[in-house]
Ligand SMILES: NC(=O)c1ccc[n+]([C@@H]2O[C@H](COP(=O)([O-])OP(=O)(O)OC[C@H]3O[C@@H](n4cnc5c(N)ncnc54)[C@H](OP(=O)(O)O)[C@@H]3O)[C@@H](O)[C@H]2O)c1
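One chain is shown next in structure tokens, namely the form predicted on its own.
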Amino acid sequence: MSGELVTVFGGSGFIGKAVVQHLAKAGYRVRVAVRHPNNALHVKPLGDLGQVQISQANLRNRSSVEAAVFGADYVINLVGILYESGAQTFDKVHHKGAELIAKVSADASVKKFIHLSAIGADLESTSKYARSKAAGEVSILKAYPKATIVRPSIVFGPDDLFFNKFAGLAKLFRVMPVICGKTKMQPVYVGDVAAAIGSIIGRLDTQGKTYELGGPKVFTFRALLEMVNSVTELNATMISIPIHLAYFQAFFFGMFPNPMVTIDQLKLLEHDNVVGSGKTFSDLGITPTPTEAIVPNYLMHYKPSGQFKGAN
């Protein structure tokens, strides 16, 4: 092990697990900072014995954030939410919470601070999610001017909430709702995002820069749903839903604890989610993985006859 310590806020989530595993393989000591440590025990086996540790941290409590950052050489913030719930609002998590981590990291003179944002972050967006992501970026760079911002497109992998969600819907209802089917997306493999973050830590020329990460191919939303239908062999009926009707449905879905879709998510879906003209994987020497090379491997269990169809 290199002996260098990396604190990863939100390291127990979908993207966090991939980042922690990548860092552990690279020889770093990793401190995973989460709200509920007992729910993050699954990350400890991602490294060697004692290499991955867990720390309690609440982004609304400065002292807990300071304790999580104490002694760290690098700090990575991966904390994010897809919808608001109780005290977990977009502004408190993506803006104020990220700002606090950046300020504490600056005060602690960590070598590098990396923040996970999102393509589409925009202070003028109609989406609260996108506005909060942009506000977080502004506050972070004010507190820690040399911070590195990472903006991925839709992130996919075995535990994702995108392909798995639609495959699950297709299997349960044999229907595939298509909203804003022409919207463009550039799905990026979670392992590639982790590799990019690992590369950023090890390079001096990444400070103060923003990287937009997307896969090698741009798809329409409809094309991605068709891929799910094809891979799972569910033959779900594709139904185009007008956006005004989708907003009406989302109003009611948003009342549930774990909503299938929210009004704010629909606002995001109305806009393309693709890499711009700035820095990306190529600037880090990374070739992104094709969506088609990964997705079929973890969606096969949605097949009506199971993953061993045709096996002898």
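Numbering starts at 1 and follows the sequence shown. All figures in this text were calculated on a predicted structure; none of them were measured in a lab.
Another form, the form predicted together with the ligand, is not on view; read the next lines as being about it.
For the options 78, 98, 75, 196, the one in contact with the ligand in the predicted complex, meaning a heavy atom within 4.5 Å, is 78. Contact annotation: of the candidates 231, 154, 169, 200, the single residue with a non-hydrogen atom within 4.5 angstroms of the ligand in the predicted complex is 154.
The closest heavy atom approach of residue 105 to the ligand in the predicted complex falls outside 4.5 Å.
When contacts are judged by a 4.5 Å heavy atom cut-off, residue 219 does not count as touching the ligand in the predicted complex. Put simply, residue 12 is close to the ligand in the predicted complex: some heavy atom of it is within 4.5 Å. Proximity of residue 35 to the ligand in the predicted complex falls within the 4.5 Å heavy atom cutoff. Only one listed stretch (231 to 239, 200 to 208, 173 to 181, 146 to 154) carries heavy atoms within 4.5 Å of the ligand in the predicted complex, and that stretch is 146 to 154. Along 117 to 140, a non-hydrogen atom within 4.5 Å of the ligand in the predicted complex is carried by 117, 118, 129, 133, in order along the sequence.
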